[in-house]
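Okay, here we've got a single chain as C-alpha cells, the form predicted alone, with questions on binding and movement later.
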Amino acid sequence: MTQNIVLCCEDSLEGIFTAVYDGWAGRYGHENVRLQVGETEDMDLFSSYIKICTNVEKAGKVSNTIRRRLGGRNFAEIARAALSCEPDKGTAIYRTIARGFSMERGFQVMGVLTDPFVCRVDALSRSVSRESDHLMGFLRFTDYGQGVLWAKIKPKNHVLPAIAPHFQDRLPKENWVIWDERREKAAVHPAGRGWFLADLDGFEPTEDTASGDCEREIEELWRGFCRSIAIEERRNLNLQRQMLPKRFRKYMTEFP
C-alpha cells in the first residue's frame, strides 16, 4: 500500500514553497503528497509526517520556476491563495503547481477549473482579494501621536502583505502601522521608506496612547458628518450589511 506523505511546513509563502521543493525532490509521487500548513493537529495513523524547515533559497527557486513556466499572473494568484486562512491551501497550491508544470502551456493552468485543486486555489485567491479590497476601503487610521498613524484590523485571512503596498503608495510620507489583531502582526511603514512585517505579540495600544482630545473631537466630527449626509428615507439596512459586513464595523470610526 502506498503511504501518504504529509509535509508539515510554516504558514508562509516561503514555507509552502520550501515544502513544494522538498516534495518534488523526494519523488514521493504528487498524488501521495499533502501539505500541512502551520501546527499539526490530528495525525493520520497511515501517513508519514515530515517536518519542513523554511529555506529561502529553495523557496526562491520554486518562485522563479513558477514565474518562468506559469507566468507572473498565475504566480500572483498562487501567492494570494497562500495568504488564505484555510488549512487545505498548501495541498491545493502544491497540486496546482504540479498540474501547471505538467502542461505544455503552463500559463493556462488557472483556466483548468475542472481540476479540483486548481479550482480551490482560484477560490482561495478570490476570497483573499475580496477581503483585501474591502479593507482598502474600510480601514481607518487614527493619530496616536509622535507622527504615527495607527489602524487595527481583524481579517479572516493574512491580508497585510496584500494591502500594505496600497497604503505605501497612498501614504508614502507618513509613519503608519496596520495591526492585525488576530495574528498579532503588523505592517510597519517608516515615512519615505518601504513597509515591513513585524510581530507585536501581546502588544495593543490603549486610548491613553492616543494624541488626546483633539483626535477624539475629529472622530466625533467625522461621525457627525456621516450622520448629516444620511438620507433617512433611503435607509436600507439589508443592502448596507451586504456592502459593509458587520465584522468590519468594529474598527471603523463611523460605527462607534
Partner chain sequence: METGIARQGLTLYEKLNILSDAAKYDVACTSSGVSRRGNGRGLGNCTAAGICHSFSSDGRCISLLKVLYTNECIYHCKYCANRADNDVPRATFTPEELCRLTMEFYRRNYIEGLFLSSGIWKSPTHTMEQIYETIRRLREEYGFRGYIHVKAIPGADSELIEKLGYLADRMSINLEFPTAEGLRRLAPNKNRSLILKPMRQIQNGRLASKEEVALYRHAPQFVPAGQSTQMIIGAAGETDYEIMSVSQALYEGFGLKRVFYSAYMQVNEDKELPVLPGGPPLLREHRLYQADWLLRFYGFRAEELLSEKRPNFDIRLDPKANWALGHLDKFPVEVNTAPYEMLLRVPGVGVKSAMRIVRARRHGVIDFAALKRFGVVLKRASWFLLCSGRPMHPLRLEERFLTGLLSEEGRRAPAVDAQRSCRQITLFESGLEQPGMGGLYDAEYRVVL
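Quick caveat, the model's predicted, so the values are computed rather than measured. Residue numbers count along the first chain shown, from 1.
Below: the form predicted in complex with its partner chain, not depicted.
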{"property": "Three-residue site Met43, Lys51 and Leu200 fully in contact with its partner chain in the model of the complex at 4.5 Å by heavy atom", "result": "no"}
{"property": "Asp169, heavy atom within 4.5 angstroms of its partner chain in the model of the complex", "result": "yes"}
{"property": "Partner contact for Arg227 in the model of the complex: its partner chain, 4.5 angstroms, heavy atom", "result": "yes"}
{"property": "Contact of Asp22 with its partner chain in the model of the complex (heavy atom, 4.5 Å)", "result": "no"}
{"property": "Exercise: Phe101 in contact with its partner chain in the model of the complex, heavy atom 4.5 Å", "result": "no"}
{"property": "Stretch 232-253 - residues with a heavy atom within 4.5 Å of its partner chain in the model of the complex", "result": "Glu233, Arg234, Arg235, Asn236, Leu237, Leu239, Gln240, Met243, Leu244, Met252, Thr253"}
